[in-house]
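Next comes just one chain, in C-alpha cells: the form predicted alone.
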C-alpha cells in the first residue's frame, strides 16, 4: 500500500500552485496539487545520516542516546535521576531516530525544536513551525556537523576529480536530482571561498573536522575536506532538502 501511494501520480505532483489549480480546487480537496511542508524531526535527522552514509539500518534493540547538550538534565531533573543521560558511542549515535531514548520531563531537545510532541498526551497531528532556532540547530548540532563531514568525504571519494563533479554528487545524494548550471556555480564559488579561508586558517579547519566522535580521514587534505564540509552543511540546510515539495 505504501509503495502504491508514493509511486502514484497524485502523490508525486508538484506543490506549485497556479491560478488555474487554485480556481479549480481552492482547498485542494480533490488533490489537484501536492503538499508542501517541512520534514518531521526524525526524518530530518535520518535523512542527514543516510545521505552521509552514517545511518545504521539495523532494526530493533534497546533505546540509544545520541548527542545531547551537556548539563541539560542537571538543570531540569533533580535527585537520583539527574545523571541518567550518558551520550552513547559508536553505532548508538547513528541509529534511526525511532530508537532515541526519551524522558518526558526532558525530551530530546534537537527533536523538540522541530515540533516533536512531548508524549505526555496522545497527539493526533503535529504542529509545524519555522523558527531561527531550527536553522541554528541544523548548522551547529554535532549530529549535522558530523554528517556534513562524512557527506564531504563521500563527495571527495565518489564524486570524481573536479570540485564541480564532487559538488554535483553531494547534491544528488541529498536532492535526488542533477543540479542546474547556476546552482553548481553558486556551490563552486562557496567551496572556493571556504577553501581559501581554511588555507589561511588551518586551525579553524582542524576545529571543524574535530566535531563528532569519529576522526576525520587522515588521507584527505584537511583544508579541502573542511571546505567541502562547509558546502555539505549548506546542502543539508537547503529549503529543498528540509521541505517535502
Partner chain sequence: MPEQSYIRGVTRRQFLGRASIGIGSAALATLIQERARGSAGLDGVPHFAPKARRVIWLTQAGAPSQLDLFDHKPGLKEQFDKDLPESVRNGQRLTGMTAGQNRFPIAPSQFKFEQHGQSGIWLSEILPHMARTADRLCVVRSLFTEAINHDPAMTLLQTGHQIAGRPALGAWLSYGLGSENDNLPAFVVLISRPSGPTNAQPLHERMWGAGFLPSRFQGVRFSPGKDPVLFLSNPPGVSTARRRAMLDDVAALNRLKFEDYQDPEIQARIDQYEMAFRMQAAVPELADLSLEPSTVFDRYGPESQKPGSYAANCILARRLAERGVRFIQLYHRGWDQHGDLPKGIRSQCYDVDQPTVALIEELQERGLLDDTLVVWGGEFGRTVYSQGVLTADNYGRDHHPRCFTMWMAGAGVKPGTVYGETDDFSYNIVKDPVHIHDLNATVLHLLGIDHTRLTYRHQGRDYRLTDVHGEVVRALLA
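Numbering follows the first chain given and starts at 1. Predicted, not measured: the structure shown is a model, and the values here were computed from it.
We do not show the form predicted in complex with its partner chain, though everything after this point is about it.
For residue 137, a non-hydrogen atom is located within 4.5 Å of its partner chain in the predicted bound form, even though that partner is not displayed. Although the partner is absent from this view, residue 183 contacts its partner chain in the predicted bound form, with a non-hydrogen atom inside 4.5 angstroms. When its partner chain is considered in the predicted bound form, residue 14 lines it closely, a heavy atom lying within 4.5 Å. Its partner chain is not shown here, but in the predicted bound form it comes within 4.5 Å of a heavy atom of residue 26. With the partner removed from view, the residue among 204, 32, 50, 214 that has a non-hydrogen atom within 4.5 Å of its partner chain in the predicted bound form turns out to be 204. Although its partner chain is not shown here, in the predicted bound form the stretch 100-120 places heavy atoms of 104, 105, 106, 107, 109, 110, 112, 113, 115, 118, 120 within 4.5 Å of it, in sequence order.
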